[in-house]
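Heads up, the chain below is alone and in the form predicted on its own; it's given as structure tokens.
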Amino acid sequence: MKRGFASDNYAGIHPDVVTAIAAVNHDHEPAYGEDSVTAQLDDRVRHLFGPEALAFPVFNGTGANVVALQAMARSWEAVVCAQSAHVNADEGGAPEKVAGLKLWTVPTTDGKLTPALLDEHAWGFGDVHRAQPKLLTITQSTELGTLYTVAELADLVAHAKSLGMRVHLDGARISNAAVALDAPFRAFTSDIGVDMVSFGATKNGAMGAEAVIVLNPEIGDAVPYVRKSAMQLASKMRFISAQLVALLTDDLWRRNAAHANEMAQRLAGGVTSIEGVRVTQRVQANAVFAILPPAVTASLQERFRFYTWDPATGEVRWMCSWDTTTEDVDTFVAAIADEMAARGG
């Protein structure tokens, strides 16, 4: 089976991350985050997100989201999110089962929320019969590969804060967003009032490392305890922190994300010239969404791994990663063209 476009999780570990893990595999270090490598991570995170930022490494993205949401809201409070949000659509109900939080979901056409869309569920404050909307969670870049501009996020965050809500940003692909926006992380997080971030690294070249980054120190006290009770506290944390430090050193995160974004643009450019293929979302990060005839999809999936996003419409998703090559893209585009031609478009 040829290299596919199912997920940036399919990619291997960047060699610099492997080297970083091996480099800290000597002598003894204190456990549970009291090690020197995690201290280095704290310095890097403060440099990128602001002097009050605190990083809490975890094992995976769902864990980061659940820890952050549970730390920011009480059991009778609720989370407002896009219907397509990962916390709603792709985490097996963990935010509700583990964190015990009601999700108020809003349908969107592009994965992005607006102040008006937030208002669809941000009401009923003080009504004992309604789960209280306390937390807004947004994704950057979104699950549909689209981006909020810094101004759009600033308006949305300001509106949520005016309602007394807290704001969490799911940054599984935050590096791809920062590159596409040509903006530092803090420009669309701490500088505009985001309270916590789930910082993604696994999709950008790590072996398995994410972090909950607390930007508002007034609400971060619960995170260490929630992380432990949610089974996301690593004993040998230096090996998780080393991956994050490697990515945040010498702009490795930026180079990896920029390459993935570039490959997505190449893929989108290649398929838009194929009659009968329609790209459905703006290609702004490292994802391409398109509609193909079902027979074409089925045939291609015998040779290339990728997911059908919406069986009802035939929409598929193609993800590019830090190690996607131009040959990967061009081979896939040629295969799509051949399949479409064989079926008369």
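What you see is a predicted model, and the numbers here were worked out from it, not measured in a lab. All residue numbers are counted from 1 along the displayed sequence.
Heads up, the form predicted together with another copy of the chain isn't pictured, but that's what we're talking about next.
- Of the candidate stretches 272-280, 290-298, 58-66, 39-47, only 58-66 contains residues with a heavy atom within 4.5 Å of another copy of the chain in the model of the complex.
- In the model of the complex, another copy of the chain stays beyond 4.5 Å of every heavy atom belonging to Ala151.
- Looking at Arg266, you'd find every heavy atom of it more than 4.5 angstroms from another copy of the chain in the model of the complex.
- Shown alone here, Ala22 lies within 4.5 Å of another copy of the chain in the model of the complex, counting heavy atoms only.
- For Gly205, a non-hydrogen atom is located within 4.5 Å of another copy of the chain in the model of the complex, even though that partner is not displayed.
- Arg130 is the sole member of Arg254, Arg186, Arg130, Lys161 with a non-hydrogen atom within 4.5 Å of another copy of the chain in the model of the complex.
- Shown without its partner, this chain lists Val226, Ala82, Ala211, Leu147 as candidates; in the model of the complex, only Val226 has a non-hydrogen atom within 4.5 angstroms of another copy of the chain.
- Annotated contacts: Ala230, Arg305 and Asp323 all touch another copy of the chain in the model of the complex [non-hydrogen atom within 4.5 angstroms].
- Contact residues in stretch 90-104 (any heavy atom within 4.5 Å of another copy of the chain, taken in the model of the complex) are Asp90, Glu91, Gly92, Gly93, Ala94, Glu96, Lys97, Val98, Gly100, Leu101, Lys102, Leu103, Trp104.
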